[in-house]
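Just the one chain here, the form predicted on its own, laid out as structure tokens.
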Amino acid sequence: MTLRIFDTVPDFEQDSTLGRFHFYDWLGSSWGVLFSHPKDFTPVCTTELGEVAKLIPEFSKRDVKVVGLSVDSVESHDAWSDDIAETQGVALNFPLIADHDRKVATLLDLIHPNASDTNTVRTVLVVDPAKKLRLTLTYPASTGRNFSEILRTIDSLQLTDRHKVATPANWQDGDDVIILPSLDDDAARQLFPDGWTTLKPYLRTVSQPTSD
């Protein structure tokens, strides 16, 4: 199946480094990031898994759980974990799905024949607590993923879910945001009583709202 933004990400069960992995049970009421890599013992992905392990406290602050996936076995994942700890200076602290029969890769459309008939592409899926797909990114094998950007995007998704705003280009947490064009000025005044800056009738910027 091909997943699109706001599609429901299907449930699945598969082996993992933490035993049998049931996606919906694991996710619970949290946000989730599932990221796939082509296979174990690849150099770029070794650095990526180390980076994610270092960033787990940042994901946890946002109530985001992280899981990796490739088509290799649990035994292979365990051996690779030793290499990651040795070379990246941090032990893995999140599960790796062992999709040895490619069941999950097929379900989530993570095998792209133009790249490889057998290995998963390097994709990131961000899933919200309602199990809806909110972001998908697919990277080429030669380019390491930017997990700071993924955290930035999650910050934007969580903020804009709570408030009637959008985030502009290059937005960082704490920057001004954009009032949704669907709000007329009267409605906006109820939500943003301290006012805003009107650049165009459809482009009104306001200080980032505080969390509820």
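In case it trips you up, residue 1 is the first one in the sequence shown, and so on. Remember, it's a predicted structure, so these values are computed and weren't measured experimentally.
The following text describes the form predicted together with a small molecule, which does not appear among the structures shown.
Is there a non-hydrogen atom of residue 45 within 4.5 angstroms of a non-hydrogen atom of the small molecule in the predicted complex?
Because a heavy atom of residue 45 falls inside 4.5 Å of the small molecule in the predicted complex, the answer is yes.
Taking heavy atoms only, is residue 141 within 4.5 angstroms of the small molecule in the predicted complex?
So residue 141 counts as contacting the small molecule.
Against the small molecule in the predicted complex, would residue 50 count as a contact residue? Criterion: heavy atoms within 4.5 Å.
Judged by the heavy-atom cut-off of 4.5 Å, residue 50 is well away from the small molecule in the predicted complex.
Test of understanding: in the predicted complex, would residue 77 fall inside 4.5 Å of the small molecule by heavy atoms?
So residue 77 does not count as contacting the small molecule.
Choose one stretch from 36-44, 172-180, 55-63, 150-158: the one whose residues place a heavy atom within 4.5 angstroms of the small molecule in the predicted complex.
In the other structure, the partner sits against 36-44.
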